[in-house]
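In the block that follows, a single chain appears as structure tokens, in the form predicted on its own.
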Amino acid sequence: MKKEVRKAVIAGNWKMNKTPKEAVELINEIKPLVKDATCDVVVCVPFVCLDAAVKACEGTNIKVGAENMHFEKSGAFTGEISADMLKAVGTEYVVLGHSERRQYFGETDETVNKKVLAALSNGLKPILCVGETLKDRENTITNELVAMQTKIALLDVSEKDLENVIIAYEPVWAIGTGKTATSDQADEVNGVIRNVIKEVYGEVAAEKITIQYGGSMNASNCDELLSKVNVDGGLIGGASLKAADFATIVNAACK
């Protein structure tokens, strides 16, 4: 991390876990463990937990994010949630383009781009996910694929709006599998993403943008991953559901 030019962000992605009551209990466990954190701390929770989570985080240094949203303001989109709805309950961040959304729900680079633009226009901070499958890596197209995903997702995003975007590199083969990219692999691909930002927006923007690593970052490997120059935090899955483990990762990002 280069803390002199960009801030580390540790965001928990709870996925389809926790009821509102359970969410409050977990947040209350996390609060005293991260209260002195110098990095940004975010919990991204299921839609039904957002209101309870926002209330539980009031007056603390923990911010709340959603795990997805639709790009339209309103309409006949049964089961979807708009940016306005997220803002109404106090949400600040939203995870977009997660591989599970792409894999199970048919999201494409183009729909992710629409969501990024909608989030930014409504004052939400997108955590934009990009990453390759195991087959992509074996075919040595990781760099090209991740660069393309990044470019398409950021189409029509201004340099000013880019300041509110976080990018999370999540190798699909390392999500929920217990496998983790090596620290060098994470740093290399994060560096590819940073070079894309430099190509499109210039060196200053590339140096300022926060690029996380997500993909089984945990309490055991976080120190090594976060020691890399291009790894500016983490989008944490399973470990974010354990207060002590999540706090360990937060503390590693503050060193």
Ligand code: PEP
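Counting begins at 1, following the sequence as shown. Since this is a predicted model, take the numbers as computed values, not measurements.
Note that the form predicted together with this ligand isn't included here; everything after this is about it.
Participant: Tell me which of 208 to 216, 57 to 65, 43 to 51, 188 to 196 has residues with heavy atoms within 4.5 angstroms of this ligand in the predicted bound form?
Facilitator: Result for this chain: 208 to 216.
Participant: Just one of I167, A119, A174, L86 has a heavy atom within 4.5 Å of this ligand in the predicted bound form. Which one?
Facilitator: Comparing distances to this ligand in the predicted bound form, the residue within 4.5 Å is A174.
Participant: Do K15 and this ligand share at least one heavy atom pair within 4.5 Å in the predicted bound form?
Facilitator: Within the cut-off, so yes.
Participant: Contact between L235 and this ligand in the predicted bound form at 4.5 Å, heavy atoms?
Facilitator: Residue-level check for L235: yes, a contact with this ligand.
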